[in-house]
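Only one chain comes next, encoded as structure tokens, the form predicted on its own.
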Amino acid sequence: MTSGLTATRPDSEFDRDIAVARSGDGFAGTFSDGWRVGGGINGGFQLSLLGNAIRAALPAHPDPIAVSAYYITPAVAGPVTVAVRPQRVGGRTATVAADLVQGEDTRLTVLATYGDLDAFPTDDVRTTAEPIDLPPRDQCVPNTMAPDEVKQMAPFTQRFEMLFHPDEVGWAVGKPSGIGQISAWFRLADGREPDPLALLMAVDALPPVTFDLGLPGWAPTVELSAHVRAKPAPGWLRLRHRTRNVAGGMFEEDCEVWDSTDRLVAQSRQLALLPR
């Protein structure tokens, strides 16, 4: 027997597409082709749908705090199932393991800590991190300027608005800087405000930072660790991807996500294979 679960905002494309329903001992959902990049569904979007299943399994611990994800095989559009296995459920946090499966193939396996971010102190912030400095949005370069063939190859990029730092888009015209950094303003295209589940997608939303090294193409993620530090305030997010070490056919990609109040709300690091 399958029972439906209410989406966060039913009129939002993002919420409709990460919706899951209880099915047997797990949860069922569907990957829409609109979240595809090349031949596979974007890894951050996969995390958001899987994260929604964990939220449904742990109603007292609704928010992702720390997520470590291993990408086993590329996910494609179509039905998915998510098995959630609580490892420890405490008063403040819960630790769970979860697998996302299509047919007989495991696409993604995760170990995660969930909690209620509203129950954590919000005024205790001691940081040396500096907010991402981006020019005003009307001076940045919109993702809508991408060629039609790119939009068709990666419809995922049309699910949101990205406004790139004008000094960091040389890769788009064959003039990468070689620094290994890409920054942009970010919000979902339908205006849905950010929340912790959307942050799981945001940390993997920008083009691979290898584009700025003159290495375009799909960069398969091996492992991604994401930390959600606070619920984001309404408004635009600012994202930045950086890399410092390319070696052995792999690179790391560090991401920071800042909200409209200059709060660092999410961080991630992923290890990925260099584009072929």
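Sequential numbering from 1, following the sequence displayed. This structure is a prediction, so every number in the text was calculated from the model and none was measured.
As for the form predicted together with a further copy of the same chain, it is not shown, yet the points below apply to it.
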- Query: In terms of non-hydrogen atoms within 4.5 angstroms, which of the given stretches 201-209, 163-171, 184-192, 115-123 touches a further copy of the same chain in the predicted complex?
  - Reply: 115-123
- Task: Check, residue by residue, if 68, 254 and 274 all come within 4.5 Å of a further copy of the same chain in the predicted complex, counting heavy atoms only.
- Result: yes
- Of the residues 152, 87, 144, 139, which one places a heavy atom within 4.5 Å of a further copy of the same chain in the predicted complex? 87
- So which of 158, 81, 109, 177 gets a non-hydrogen atom within 4.5 Å of a further copy of the same chain in the predicted complex? 109
- Does residue 72 reach a further copy of the same chain in the predicted complex if we count a contact as any heavy atom within 4.5 Å? yes
- Counting only non-hydrogen atoms and a 4.5 angstroms cut-off, does residue 263 reach a further copy of the same chain in the predicted complex? yes
- Message: Even though the partner isn't displayed, in the predicted complex is residue 60 close enough to a further copy of the same chain, meaning a heavy atom within 4.5 Å?
- Response: no
- Query: Taking the shortest heavy atom distance, is residue 227 within 4.5 Å of a further copy of the same chain in the predicted complex?
  - Reply: yes
- Determine the residues of 190-216 with a heavy atom within 4.5 Å of a further copy of the same chain in the predicted complex and present them in sequence order; the list may be empty. 215
